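A single chain comes next, written as structure tokens; it is the form predicted on its own.
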């Protein structure tokens, strides 16, 4: 169906030309799901944009051929490409909220595609748009037709994007990171839906992802890309059980799975003994009968319903559940960004929930409770350098100035492994892993006792995630921190947490020691979450590559990422 030969893509930048894709070749057969995996900057998305001819300004297809069902995509007229996009080849973009128009109803956006490709008229466009919503398993499709993107959850927006992509019955579907940021049950629902639609309609698909477990579960064949090149390809079992290329091995080893430790995610040359962390039997945070209720259009909305749990000094507690279960609401109440409707939050024995959120900003305990936010990019001020970002809590809450402030900033940068040369850079000049480190440095600047981590590795590549997770383990040991680790990645929770809490619809349905909950879940919902988690094939310890072959294994992946 699709044949790509020696495709090369170049971007003109202020620093000169950059070769983003360098002479890659592959094929996609009818009915096949081809996975393209690799880290950020490897050329995965650029390859798909080149096939669709939607490269950003400065991007040029320098050489190569791309033939779809006898059509030369590289040389086709733009008028022909407008017909091909959507009708023959369709794409699900990485960020569903960015892909949808925020000020237009989602039903109208589906109609746009149908009418553009003459699949509907103004008389039947609404009915066909509703049918497209029903095809992606959206309940009450007629009501959702009139909804705006901001009124829908992330999973629902992803289904809307799928409906738009599939509305004209394309023969080839390109899915670019279609599940990034989704909880595991929504992720499974979206991927099962895409797989089932491909089978029902006789389509083919290219799945672009940095989640190797997901690719292994849903793809017939996998390409591994690095620096614009395909370094390995094969079936998922072969790639995972016996990777032939050092880079493939590095990615497979960095993928969390049952039976591995947090140090085993790193390259062998960077592993060191895991620190012994003592957990006290003294409570640091006690949550008692916490309730949060909002006023809704049709009555009160109970976001958190009478939950209770304890975080001991030195302990890492995982908080898991689907989107909308109350994880983020609970976190914001604990960090005192939001007031509770009822209940207590005892921090070192004092009820901080009794202090209004606005008033807590001036409380001396403010510095003792900090948070690392989910999106490292959105949580950083784009006008502040890394130095200014780390300095802010030190100035505002610590009263530091001058040489003492500069020395503390450099000490924190060293602590989190951020090169001092990067302190003058702004967020857009930093990689995802570097921004994550800035956020962590800011959070630990005042040596807090309690750190809330809200999906801190959700959008990171697996090798960078491995470095950040090991950093969190080291910081916990060095600074004696207690963590509340909010995540939907159960494999990461298994690696990092001593205790796990499972939430559903604002309530705690199960909690206990991580090993016990993960291996012998008592609640049906917990069993559902565990069943939905992607399970990559086990890797056979057959081959040990010399480190000289893999230059990436000799350096910290975050340090080596290209800045922009």
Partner chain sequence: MTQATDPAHAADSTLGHVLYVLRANPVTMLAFGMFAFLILSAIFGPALVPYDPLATNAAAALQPPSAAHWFGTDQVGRDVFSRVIVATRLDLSISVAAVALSFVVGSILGCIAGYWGGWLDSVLNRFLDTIMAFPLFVLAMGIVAALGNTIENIIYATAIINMPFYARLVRAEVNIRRDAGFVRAAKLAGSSDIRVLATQIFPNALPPMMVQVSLNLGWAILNAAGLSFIGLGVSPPTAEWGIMVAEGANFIVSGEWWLAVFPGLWLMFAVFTFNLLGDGLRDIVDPRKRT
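Values in this document were obtained by computation on a predicted structure and should not be read as measured data. Numbering follows the first chain given and starts at 1.
This protein has a second form, the form predicted in complex with the partner chain, left out of what is shown; the following refers to that one.
Only one of 75, 428, 79, 199 comes within 4.5 Å of the partner chain in the predicted bound form through a heavy atom, and that residue is 428.
Out of the listed residues 421, 354, 403, 143, 421 is the one that sits within 4.5 Å of the partner chain in the predicted bound form by at least one heavy atom. Though the partner is left out of this view, residue 378 does reach within 4.5 Å of the partner chain in the predicted bound form, counting heavy atoms only.
Remark: residue 139 does not count among the residues lining the partner chain in the predicted bound form, judged by a heavy atom distance of 4.5 Å or less. Residue 393 belongs to the set of residues with a heavy atom inside 4.5 Å of the partner chain in the predicted bound form. Taking the partner from the other structure, the partner chain in the predicted bound form has a heavy atom within 4.5 Å of a heavy atom of residue 383. Here the chain stands by itself, but in the predicted bound form one stretch of 318-326, 369-377, 205-213, 293-301, 369-377, has heavy atoms within 4.5 Å of the partner chain. Not one of 284, 311 and 350 is positioned with any heavy atom within 4.5 Å of the partner chain in the predicted bound form. Shown without its partner, the chain has no residue in segment 52-91 with a non-hydrogen atom within 4.5 angstroms of the partner chain in the predicted bound form.
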